[in-house]
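The data below hold one chain only, encoded as structure tokens and taken in the form predicted on its own.
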């Protein structure tokens, strides 16, 4: 098996402790996953099959370690030779576009979120695999169904393998020193906390740069926590609203409390700043805690012991205004071995493989199938618990309209991130920024 990886998104050997083996041991017990007796789909593997898989670079060591071990198990069980390329998050979209447009390259791309909706005509129907997995493992969470099926149909075009969410990550002692036992759930209270942390020399930091997960995740939180939405349920652009203006003005105030440099932050930037002790609060997946907990550096272990997680502030929302960036597997029609490709994805989602991957990642990729939420590791560490229901959410890219190539394009081109960044820096007024964003969004939707 050939494994390549872009170092630009790695946390570094020091951050992850240089581990090359599973770290927590929770994977030994997959008997705590309830399963129904369901017959798998008939997918006879083609003679001489080999597969090329493209997927995102890891942010936690076990993501690569356990995934690679599962790939090797698949080869041992089926004889299918595998090649897996690990690609930086920012490069994955462009590389997928080349594969789709040329009709050559990887058989399987494990992309992000709504990527399959860009290439609907070029990917294989996955309904048989999705129906089987849902029936066996207690059904799919709403976010998985949203990203796996064509809008308001039962036709599956991809298999969401997990979701990376970003609750509040903070230094417990520093927040306590600021006078808080937990993160305030309202906008003004959260802003006041961030102001106090800044004055104490422990500012917050949220990406306003072209970060696939963190940039889009932060500005989406700002919108949803103000009850704003990009698209209405009928597919009309709805970004021009008083709620969006309020969100923009709020982030402009919050930006003043942040560490300098967040306009250029990529997905690794807040991890590095937090682990270096430069910030005291951010939104992120489990990767920060995971890296510190498993480091050989006593200072990093101390950071882990002083780290807590809490759902992002609700603000005006009735439900947690955060989504999860799904890891979304699609099979391209140009593959000579579509049955082998579908069998590979099914194999990777079965308990014997998925249970170890999920638990060893410690919730970095959160489960799309409900049965996996009953695994005991979710309750073993209080720091992990806020990640358990990441894909049980009504929010998604392009909320509250259809997931489509247009909504994928808006996210991929950072339209909302740029709107917020321009207002935060005072480059344009909120009113002008939202009008410009609305025009850009409208162009994507008209061209879809």
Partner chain sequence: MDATVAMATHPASFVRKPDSWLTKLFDYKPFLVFLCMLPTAGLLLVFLTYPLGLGIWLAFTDTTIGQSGSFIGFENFEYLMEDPVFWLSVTNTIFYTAIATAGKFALGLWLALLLNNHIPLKAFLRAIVLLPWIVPTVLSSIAWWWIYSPQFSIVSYVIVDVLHLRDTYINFLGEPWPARWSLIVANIWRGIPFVAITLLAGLQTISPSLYEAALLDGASGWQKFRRITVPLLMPILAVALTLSVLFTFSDFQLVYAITRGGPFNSTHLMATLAFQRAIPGSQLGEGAAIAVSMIPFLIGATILCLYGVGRRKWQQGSDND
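A quick note: this is a predicted structure, and the numbers were derived from the prediction, not measured. Residue numbers count along the first chain shown, from 1.
The discussion below concerns the form predicted in complex with the partner chain, not included here.
The contact residue chosen from 388, 403, 30, 409 relative to the partner chain in the predicted complex is 409, the criterion being a non-hydrogen atom within 4.5 angstroms. Contact annotation: of the candidates 269, 300, 168, 353, the single residue with a non-hydrogen atom within 4.5 angstroms of the partner chain in the predicted complex is 269. Judged against the partner chain in the predicted complex with a 4.5 angstroms heavy atom cut-off, the residues 153, 312 and 393 are out of contact without exception.
Comment: 412 to 420 is the region of 412 to 420, 57 to 65, 33 to 41, 379 to 387 lying near the partner chain in the predicted complex, near meaning a non-hydrogen atom within 4.5 Å. Although the partner is absent here, residue 119 is a contact residue: one of its heavy atoms lies within 4.5 angstroms of the partner chain in the predicted complex.
Heavy atoms of residue 345 never reach within 4.5 Å of the partner chain in the predicted complex, leaving it off the interface. The shortest heavy atom separation between residue 196 and the partner chain in the predicted complex exceeds 4.5 Å. The partner chain is not drawn, but in the predicted complex it has a heavy atom within 4.5 Å of residue 93.
In the predicted complex, the partner chain lies within 4.5 angstroms of at least one heavy atom of each of the following residues of 262 to 277: 263, 264, 265, 266, 268, 269, 272, 273, 276, in sequence order.
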